[in-house]
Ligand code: URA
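What follows is a single chain, given as structure tokens, in the form predicted on its own.
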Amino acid sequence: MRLDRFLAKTLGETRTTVKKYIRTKKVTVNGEVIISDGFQVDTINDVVAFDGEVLQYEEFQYYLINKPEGYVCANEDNVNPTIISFAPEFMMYKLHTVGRLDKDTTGALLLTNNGKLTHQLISPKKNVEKVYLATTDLPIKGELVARFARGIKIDEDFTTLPATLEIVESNVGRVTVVEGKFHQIKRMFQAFGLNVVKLHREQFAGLRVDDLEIGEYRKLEHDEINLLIKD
């Protein structure tokens, strides 16, 4: 891999910026100062350091964000701001979202450039749990707990898999599903005459955003990544 590309990926900087680092002799490879942008780096065996600090190359990136309202889960959109444009790291590493949240939905959203993992996590066969907190315009009747558990016929073409509903407050329900169809949570409640006025995803694939304010994001820890890719 070219040295400038290696630095851009590990430092999260632009090519223009890292080229300045190289030319001002701030970068070493195996202890030797390198001033060539195109110097070829062995990402496995070479030791690359910037200002004396050894850099670790990671082929894939994994970020968790507590998604704010107003952003769509797309790489490009001509009308609305995209979650990819929300942070420079998301664009720098060419990340994509693992599944989607509606524009007005907040909560746990995973972004990565690992396409294989994304395919696995969004596959219905993997039964990846997603936990939502839904606020409705009217009280949620207790009988809906059993109805959600049986699966709900949304239309002629779609009946949901069994889901768990916990009534947290009179008009707030916690729903756990293992699929993610278009507007699914909203449509499940609409089947019983309830409109979801606020929707927040608390958990996705075991990842929670309790430690993040709306709009905050962080890189996943190694143990979190290992749990995601264990299969």
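Just count from 1 along the sequence shown to find any residue number. These numbers come from a predicted model, not from an experiment.
Another form, the form predicted in complex with uracil (URA), is not on view; read the next lines as being about it.
With uracil (URA) left out of view, the stretch that reaches within 4.5 Å of it through heavy atoms in the predicted complex is, among 82-90, 138-146, 101-109, 118-126, 101-109.
This chain lacks the partner; the member of His183, Lys26, Lys198, Arg174 within 4.5 angstroms of uracil (URA) in the predicted complex by a non-hydrogen atom is His183. In the predicted complex, uracil (URA) lies farther than 4.5 Å from every heavy atom of Tyr71. Although uracil (URA) is not shown here, in the predicted complex the stretch 123-140 places heavy atoms of just one residue, Tyr132, within 4.5 Å of it.
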